[in-house]
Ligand SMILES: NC(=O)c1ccc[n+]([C@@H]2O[C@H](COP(=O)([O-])OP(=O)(O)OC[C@H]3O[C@@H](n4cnc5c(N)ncnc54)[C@H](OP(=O)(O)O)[C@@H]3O)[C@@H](O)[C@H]2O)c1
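A single chain comes next, written as structure tokens; it is the form predicted alone.
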């Protein structure tokens, strides 16, 4: 299967670690040029250097706070200026605060909206002029909560579902420009975010994190957490030329954990 990613430019939000970084690594190995972003300049510098050593693609980095419109505008502009355009956009952001409804304030809701939904809107808006030039791909990273709400994560349950509405609508609106829009929903992937959530649940129960992890794995048909690399393979396919007729869809990468049809 030919992915034909050589020379394509990908902007990947929140990509100094976790799922975003795994996607960047996969794309660089396929010869794509990649702009990684995050809020820590030193970490970005180190990660960019590591990426440059593993593949044919060129790598650059730009600091960006995804809750700030000006940072997003600059991120997109620098990407286009550095590589001469943008063909691939991966929307990603850190997870919101865990907590039940009565534990959360207006500030918590606003912060999650800004980070987990509005940042996607802004990144797409700013990238569209470049994506329209030759057609392109947008992949929005959500959560398995789009199919089954996760207890104690009402902010994620709410705004990740909003991503689905955004993606489905844009798939129709942007089809005339040959822009494909899809969503990937991770289940339990072995990242620092999932480790943190397991620890939160462990603290509530008064048990070790490993105990919570074992219990969760028991409910996954494959009996393990996924790896960021496994998740990145799905994203890479959707961003590649091998995907030419899939748009407006949401794909679970969860080891069979979600039972919904």
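Predicted model only: the values in this text are computed from it and were never measured. Residue numbers count along the first chain shown, from 1.
Although not depicted, the form predicted together with the named molecule is the subject of the following passage.
Although the partner is absent here, residue 67 lies within 4.5 Å of the named molecule in the predicted bound form, judged by heavy atoms. Contact annotation: residue 115 falls within 4.5 Å of the named molecule in the predicted bound form, judged by heavy atom distances. The closest non-hydrogen atom of residue 149 lies beyond 4.5 Å of the named molecule in the predicted bound form. Remark: residue 182 does not count among the residues lining the named molecule in the predicted bound form, judged by a heavy atom distance of 4.5 Å or less. The three marked residues, 26, 45 and 232, fail to reach the named molecule in the predicted bound form, with no heavy atom of any inside 4.5 Å. Site annotation in the predicted bound form: the residue of 165, 129, 135, 94 reaching within 4.5 Å of the named molecule with a heavy atom is 94.
Just one of 141, 88, 155, 76 comes within 4.5 Å of the named molecule in the predicted bound form, counting any heavy atom, and that one is 141. Residues within 4.5 angstroms of the named molecule in the predicted bound form, judged by any non-hydrogen atom, belong to 182-190 and to none of the other stretches in 98-106, 167-175, 78-86, 182-190.
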